[in-house]
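Here you get one chain, nothing else, as structure tokens; it is the form predicted on its own.
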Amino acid sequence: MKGLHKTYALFGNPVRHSLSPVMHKAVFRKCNMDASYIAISVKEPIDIIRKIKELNLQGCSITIPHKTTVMEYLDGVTTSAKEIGAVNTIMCSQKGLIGDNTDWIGIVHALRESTEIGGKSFVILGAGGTARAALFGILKEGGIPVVLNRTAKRGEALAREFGCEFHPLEDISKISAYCLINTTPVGMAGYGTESPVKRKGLENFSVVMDVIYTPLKTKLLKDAEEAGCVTVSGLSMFVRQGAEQIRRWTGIDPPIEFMKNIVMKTLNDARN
């Protein structure tokens, strides 16, 4: 019906690589929703707030590099987002702009599909918004996280905040843990094709997860396979976090397998 159209958006820099628009628009069509989803590149977090009001958005997704910096401009955040210290979701309502975080749910679901979490040790590579979500989810599930970061000052601060150990990236060959999770953009389409970790440094892990899904198999995951590790791509995390966003914005129960198939088909078509 006229006047009921709703618009949602993804904000980040860059956003061209993201398949969020493809996935969300496919769900809206399947669920017969009069809604659209667009990707907008912004340099400053304040520009997100301006665009939300200018376009009368009903909700939005937040990606690199604005997951932590946008928080100060919001009217409120959920308990989990406050504890994580980052948002990837904004709900726009009469209560104002409320930040939430569904990344941790996506990470937990992705890990559960391939391994256990409780009692296992996890090295989190990175110190950004996604690293925060990973730390929160692993602690919530009874895992034992360790922060690994190239910049010591930032990594140490994050580790103190979540009450866990920190090690500089160059010490990775000295660390033995059950699982390594890369939360950095290194290896993502548009960020180069290298790996954040040298091949030899992967032999001390049983499982390696990369939150990146474009490409589906990063150099890190290829190297991890050669090292004999179980690998977890970022596909399940991406789909699950997106499904939770839709649930929060609309109240509908999203079709998970349909969403996964849409993303897989898009990735395969782009590769062929």
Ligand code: NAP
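Don't overthink the numbering: it's just position in the shown sequence, from 1. All figures in this text were calculated on a predicted structure; none of them were measured in a lab.
Note that the form predicted in complex with this ligand isn't included here; everything after this is about it.
Undergrad: Is it true that 64, 169 and 213 each have at least one non-hydrogen atom within 4.5 Å of this ligand in the predicted bound form?
TA: All three within 4.5 Å in the predicted bound form.
Undergrad: Taking 4.5 angstroms as the cut-off for heavy atoms, does residue 59 touch this ligand in the predicted bound form?
TA: No.
Undergrad: Can any non-hydrogen atom of residue 188 be found within 4.5 angstroms of this ligand in the predicted bound form?
TA: Yes, residue 188 lies within 4.5 Å of this ligand in the predicted bound form.
Undergrad: Contact with this ligand in the predicted bound form for residue 137, defined as at least one heavy atom pair within 4.5 Å: yes or no?
TA: Residue 137 lies outside the contact set for this ligand.
Undergrad: Is the gap between residue 184 and this ligand in the predicted bound form 4.5 Å or less for some heavy atom pair?
TA: Residue 184 belongs to the contact set for this ligand.
Undergrad: Between the options 176, 151, 79, 193, which residue brings a heavy atom to within 4.5 Å of this ligand in the predicted bound form?
TA: Looking at the other structure, the residue within range turns out to be 151.
Undergrad: So this ligand isn't shown here. In the predicted bound form, which residue out of 180, 111, 87, 127 has a non-hydrogen atom within 4.5 Å of it?
TA: For this set of options, the contacting one is 127.
Undergrad: The chain here is shown without this ligand. Which stretch in 90-98, 114-122, 128-136, 70-78 comes within 4.5 angstroms of it in the predicted bound form, by heavy atom distance?
TA: Going by heavy atoms within 4.5 Å, the stretch is 128-136.
Undergrad: Even though the chain is shown alone, can you say which residues of 213-241 have a heavy atom within 4.5 Å of this ligand in the predicted bound form?
TA: In sequence order, 213, 234, 237, 238, 241 come within 4.5 Å of the partner.
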